[in-house]
Structure formats: structure tokens, C-alpha cells
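In C-alpha cells, the next block holds one chain alone, the form predicted on its own.
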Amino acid sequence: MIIVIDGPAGSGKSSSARAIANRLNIQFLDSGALYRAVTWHWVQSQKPEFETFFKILPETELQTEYRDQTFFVSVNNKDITAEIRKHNVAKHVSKIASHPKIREFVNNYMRELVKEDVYVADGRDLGTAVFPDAELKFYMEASIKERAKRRFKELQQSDPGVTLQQVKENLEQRDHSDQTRAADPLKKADDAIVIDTTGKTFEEQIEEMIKIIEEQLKLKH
């Protein structure tokens, strides 16, 4: 069983998915972390031409594990959980994630992963492209100002040199890239439930989503 939460960067979908996983004692899948991991791999490979990178991509081994309320990611047995959150990775993610071959690589990984157990996953095209038959779909929204503040606060520990303006510009660029890319653009699934988090406390949005999940899927916490 898979519950998906889509939405633009910084809308709160990842933190919400984590909280839901913890409350309902189910698995959490951070799809954005997988694209960041592939981006990190590309950066560490000296930013090769994409045709060259595509040749080594099938040999790349992703490993993920959700424990202690953290989504751990490794590439070829190297833990990069902290590295993928830094600005030098974030600024390249949209470019990397827009390529159909990279999306196919990540999507195949996710589809294999969720064949067993119950998962809640967050992303940008999960309800429309990756898991169109998901049992329940959410689409989260928030203003660009609020999203930038959230992401800036998140980055301050792992990347103290980044500024709020840089974060806002990065989010605006990602919004444009995600919404206009040819392969699986960001959009709300027709059957998704919209959750606008602007002005809501984190607890309020989680309680709203938990109530819907319990009513529709009969999952209890």
C-alpha cells in the first residue's frame, strides 16, 4: 500500500510524510532524497556529460533506510544523508531530475521498494506518473515566502553559508523547472486531496491528513 504526497519544493510534504509515518508506524520514502543522491553522484563524478553519466548510472547502487526518524541514503555503500542537503547539490537537482533516463532509474527503484509493506512517500509526480494507482493522494501547497523560510531554517545547520535570498531564488527556479519539464512535470493528480499549509501550524496540517487517512484507509495510530 502506498500513500503519496506531492507538491512544490518546501511545501512541507517531506516533514509531513515523516510525521505520518511515525504516527501510523508505517514506512517513509523520500523520493526527493533519491534525486538528490543521483545529483550528488553526478557532482562527485566531476559533472560529466549526461550521455557519459547515463552509462554509469545502471551500475550505481542506491540504498535507503528509514530509522530513528531519519531517511538514510547511500550511494555505492557511502552514506551521503547529510551531503545531499547542501546547496551545491540543491542547485543542480532540477537539471538532473528533468532527464527521463534519471527519472526512470529512480522511479524503478521506488516501485520495487514499495512492493512490500505500507509506505507514505513524498515527491512531485508520484500521484500522476510513479504511482497513479496509489491508495490515497495528497497535494500540498504553500506560498513561496513561507516555503523559503522553511527550507532556509532546514539548511542552516547543514549549510550555514546559504542565505534566505539564495534559498528563495532556488525554489523559484525549481518551481519553474518542475512545472515546465517535458518528463513528468509537477502537477496535481485529478484525484488528489489539496492541503494548503500556508498559515497552518505543523500539528494542524498533520491532524488534518491523519484524519483523512484513518477515514479512507482505516489505518490507525
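All values derive from a computational prediction rather than experimental measurement. The first residue of the shown sequence is 1; numbering continues from there.
Heads up, the form predicted in complex with ligand DC isn't pictured, but that's what we're talking about next.
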| property | result |
| --- | --- |
| Heavy atom of residue 35 within 4.5 Å of ligand DC in the predicted complex | yes |
| Residue 86 within 4.5 Å of ligand DC in the predicted complex, heavy atoms | no |
| is_contact(residue 187, ligand DC) in the predicted complex, heavy atom dist at most 4.5 Å | no |
| Residue 181: touches ligand DC in the predicted complex, heavy atom cutoff 4.5 angstroms | yes |
| Option from 112-120, 131-139, 70-78, 90-98 whose residues, in the predicted complex, bring a heavy atom within 4.5 Å of ligand DC | 90-98 |
| Full three-residue contact with ligand DC in the predicted complex, heavy atom 4.5 Å, for 103, 125 and 174 | yes |
